[in-house]
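A lone chain, given as structure tokens: the form predicted on its own.
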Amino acid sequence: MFRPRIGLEIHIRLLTSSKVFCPCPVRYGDEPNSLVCPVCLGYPGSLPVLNGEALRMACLLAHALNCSIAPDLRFDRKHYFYPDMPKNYQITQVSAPLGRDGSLELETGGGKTVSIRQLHLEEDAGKMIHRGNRTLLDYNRAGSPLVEIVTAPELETGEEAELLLRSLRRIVRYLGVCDGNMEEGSMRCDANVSMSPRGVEHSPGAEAPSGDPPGRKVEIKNLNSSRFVRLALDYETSRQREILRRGGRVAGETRLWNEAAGVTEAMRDKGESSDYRNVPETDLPPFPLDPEYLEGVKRQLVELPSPRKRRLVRDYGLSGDAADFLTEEKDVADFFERAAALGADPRTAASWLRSEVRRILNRENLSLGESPLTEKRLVELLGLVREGGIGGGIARKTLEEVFRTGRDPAEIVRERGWEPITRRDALLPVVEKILAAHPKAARELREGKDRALDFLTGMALKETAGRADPGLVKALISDVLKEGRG
């Protein structure tokens, strides 16, 4: 039996307005090669200047991931000769990463915590666009600020890797350092996987101990969704396990995920880090990180998703699923807590946010912050339902009108004439009409079949467009049947 050992290398593109070493804007979707300058194009004589906001965001993320932060900030040149990096080297951190020895809890992974080996700040490469036998180059992305996070090889399944990416995505969005859009390249992942015999430990990339089947490290490059990470790793671990089961050797190589075929495919032999000829970056001399500066950044931390989820369950009596939904996005969790502070029943508010509100937001392609629904309007709507001012059907119609018009629920209900019908003399003709139209249900109710009462009540609510008081309708049905008029 063989045990997978999986480590991830995750690139996080920081939400700065300019690139990490030059003033060029950072934007997605602009005309190719329109966001460039001599620095990010590597012109002779141009000098990099560190973006202070990128450093702040990197330090904030390092704090959130429980990393020890280096006392000095140092950069290195990582040399490689690919056309998407016009300088032919990348400014990164090899000898002294910004953060080391951190940890990340998998939010829905049974409490498992994964070690973070290092976190470092670097610049992104440009983009190669392959069209037939031609390759086009877009340098807009070159020089964009990245944080690379390297985990220890402590994951064992594709599902765990997917959970880690989802947990990290929540964290970076909570902190406001990245939008987490993997489809736009804001988060990218390379996965390293090797196989060890059960009960035998060895480092990924090294041969297994003598007498054991060898398990070399395989890297899967450029995975752009958490789902593809899971699928690629599940396939790759099965592939390696089968090779070793037959007595073969797993080649150390770089592979790509073929989404259409559902397989990983060989790309190239795995090179060693020494191929990059790393040297200190002479244009960015080392400098100490002021402890007061780091402490000031640490004070900017917000309550992160995992502890917030536990608190919502504890303080508001929510289910784990409800708290998980609410903490997926910080603005939704903030909205919920502000609504609860204004008097909304927490469980009812969470239920409406998970169901009706989410349905409309998805349909209209809106975020909660972009919508006309405010905490006050949700509290007012739920109060109308709680106090018997409207039923559930009218409440859903009212919510639709809030989104359409941006008006308050009470005003909508009053102007639309959606107040409940609570007078006996107004509902009695409706009940008599329903009983006459459904004699079979009336007969079943007289025979003691209580389900018929729910059916008849529903028909009355339908007849009154949801305005009838359900309790009064049921009482009237019983009275009419007792009098022998139904």
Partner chain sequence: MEPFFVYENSGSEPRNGVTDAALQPCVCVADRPCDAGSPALEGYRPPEDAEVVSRLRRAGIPIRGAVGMSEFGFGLRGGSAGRAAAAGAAQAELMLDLTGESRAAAAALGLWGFKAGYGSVSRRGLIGLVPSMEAPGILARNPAVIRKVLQALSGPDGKDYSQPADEEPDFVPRGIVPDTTVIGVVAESLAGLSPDELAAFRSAVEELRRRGFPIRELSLPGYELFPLVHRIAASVEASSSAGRYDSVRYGTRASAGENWNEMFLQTRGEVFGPLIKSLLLQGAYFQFRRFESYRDACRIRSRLLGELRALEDRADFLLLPSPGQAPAAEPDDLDGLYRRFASTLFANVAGLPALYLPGKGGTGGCQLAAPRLQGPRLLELGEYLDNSPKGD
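Residue numbers count along the first chain shown, from 1. This structure is a prediction, so every number in the text was calculated from the model and none was measured.
FYI, the form predicted together with its partner chain isn't displayed, but the following is about it.
None of 197, 185, 280, 391 but one reaches within 4.5 angstroms of its partner chain in the predicted complex through a heavy atom, and that residue is 280. With the partner omitted here, the residue from 429, 417, 38, 458 that has a non-hydrogen atom within 4.5 angstroms of its partner chain in the predicted complex is 38. In the predicted complex, its partner chain sits beyond 4.5 Å of every heavy atom of residue 258.
Contact check for residue 32: every heavy atom lies farther than 4.5 Å from its partner chain in the predicted complex. Using a 4.5 angstroms limit between non-hydrogen atoms, residue 50 touches its partner chain in the predicted complex.
Using a 4.5 angstroms threshold between heavy atoms, residue 87 counts as touching its partner chain in the predicted complex.
Of the stretches 234 to 242, 160 to 168, 175 to 183, 76 to 84, only 76 to 84 has residues with a heavy atom within 4.5 Å of its partner chain in the predicted complex.
Using a 4.5 Å cut-off on any heavy atom, the residues of 15 to 47 that reach its partner chain in the predicted complex are, in sequence order, 38, 41, 42, 43, 44, 45, 46, 47.
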